[in-house]
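Below sits a lone chain in structure tokens, taken as the form predicted alone.
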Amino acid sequence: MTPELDRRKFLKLAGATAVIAACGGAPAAAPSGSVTASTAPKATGRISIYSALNESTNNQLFAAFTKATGVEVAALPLAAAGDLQTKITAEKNNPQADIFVGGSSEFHDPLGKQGLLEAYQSPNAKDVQAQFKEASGLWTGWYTGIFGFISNTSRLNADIGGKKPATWDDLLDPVWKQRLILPDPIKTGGGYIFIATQIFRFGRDETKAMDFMKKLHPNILSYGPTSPGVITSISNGEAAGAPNWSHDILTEKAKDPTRVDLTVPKDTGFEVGAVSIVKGTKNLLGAQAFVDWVLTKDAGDLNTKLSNRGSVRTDVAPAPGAPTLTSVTLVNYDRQWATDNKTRIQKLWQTTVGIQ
């Protein structure tokens, strides 16, 4: 072989090595199945999102996701997480959603246990505390919400003498009779978490907690099908007050600070708002891209700005005036117990208050 042929052979081999290196290094050093940023498939197309967030948050949050990734969103906003859980369960043989977002983890976790969610451990979940996520990635928490109390200023002054509840027991006062609205504990995360909060407040004594719910029942004008809808009802003066999410109450108060107000009674509970991928998603890459994005600081900042919710990220500042997990008195809320016993507790409550 001539020197010129040797040189050509060397250059050809060197060129091939350069191409291999550009795609992830020499073959001997590349782990089996490894994918680099330059070769990883890019999320495209459209994803269908079942959302328990309110409409204004949906619109701007999803638009920001599309702008950041190019993946379009078709949203089904039902607001009631329980309804979405039921819908995803009913569609298990022909999934229509790619993503389930919003609503407390108590509504995501059972879907995971039924094999209806796709496990995905986002790289952005590495700094999320263990208490805010499912270990295998079936769902990941991305925001927090503290349960508070909304009062209609006019109705509170006229009907209740202007006294806001400092404890949940204050709501048993007969002065509140037929003047409260509670989010439906069957359909809404808020309603169920309210019941679970009472159970933990009474040291897991279910008898005492159900006695509280039974005594509270005559003071309830109605059980609202969605938590945001209950806030609208209070704002419109249909009742004097309602247990509800502090962040949504603050959002409503911003519209007219004189119409409604927020109080956080002691020994309250909180939610971990979750995101999960529906098993059988027709756009897995797009769904994973959404989970990745919603766990970013940009998404956390935007969600806090739009909704006054807290973030699981420590680098996202709370909304002005919003209560935080360290500024209120919380019950010792066992989220896994509340999740595992949800159906049983819901049925126990229905029996207790005579609602079927």
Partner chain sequence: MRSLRREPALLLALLAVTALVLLFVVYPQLQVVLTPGPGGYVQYLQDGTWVGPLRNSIQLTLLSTTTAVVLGFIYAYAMVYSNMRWKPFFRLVGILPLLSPPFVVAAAYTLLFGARGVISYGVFGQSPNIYGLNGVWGVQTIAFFPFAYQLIADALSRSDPRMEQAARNLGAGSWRVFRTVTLPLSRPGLGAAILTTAIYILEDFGNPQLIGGSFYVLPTEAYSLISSFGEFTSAAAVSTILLLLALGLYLAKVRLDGGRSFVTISGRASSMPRPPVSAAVSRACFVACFALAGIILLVYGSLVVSALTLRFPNNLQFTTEHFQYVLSGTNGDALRNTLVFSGVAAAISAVFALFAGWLVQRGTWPGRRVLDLLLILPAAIPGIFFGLGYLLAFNQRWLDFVDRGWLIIIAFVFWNIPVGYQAAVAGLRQIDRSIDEAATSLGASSIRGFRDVVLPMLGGSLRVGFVTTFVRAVTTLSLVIFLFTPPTTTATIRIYQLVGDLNWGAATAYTVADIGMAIIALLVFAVLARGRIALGAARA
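These numbers come from a predicted model, not from an experiment. Numbering follows the first chain given and starts at 1. C-alpha atoms forming the largest set that superposes within 1.5 Å between two forms make up the rigid core.
Beyond the structure shown, there is the form predicted in complex with its partner chain, which is absent from this document and is the topic of what follows.
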item: Its partner chain: the contacting residue among S56, T329, T324, T314 in the model of the complex [heavy atom, 4.5 Å]; value: S56
item: Contact residue in the model of the complex, from T144, T263, N219, S235 (heavy atom within 4.5 Å of its partner chain); value: S235
item: 4.5 Å heavy atom contact, G241 and its partner chain in the model of the complex; value: no
item: In the model of the complex, L172 touching its partner chain (heavy atom, 4.5 Å); value: no
item: G280: touches its partner chain in the model of the complex, heavy atom cutoff 4.5 angstroms; value: yes
item: Its partner chain contact in the model of the complex: Q131, any heavy atom under 4.5 Å; value: no
item: Per-stretch contact check against its partner chain in the model of the complex, the hit in 196-204, 224-232, 132-140, 118-126 (non-hydrogen atom, 4.5 angstroms); value: 224-232
item: Interface residues of 242-279 toward its partner chain, as seen in the model of the complex [heavy atoms, 4.5 Å]; value: E252, K255, D256, R259
item: Exceeds or equals 2 Å, Cα of G115 between this form and the one not shown, core fit; value: no
item: Rigid core fit then D261 CA moved by 2 Å or more between this form and the one not shown; value: no
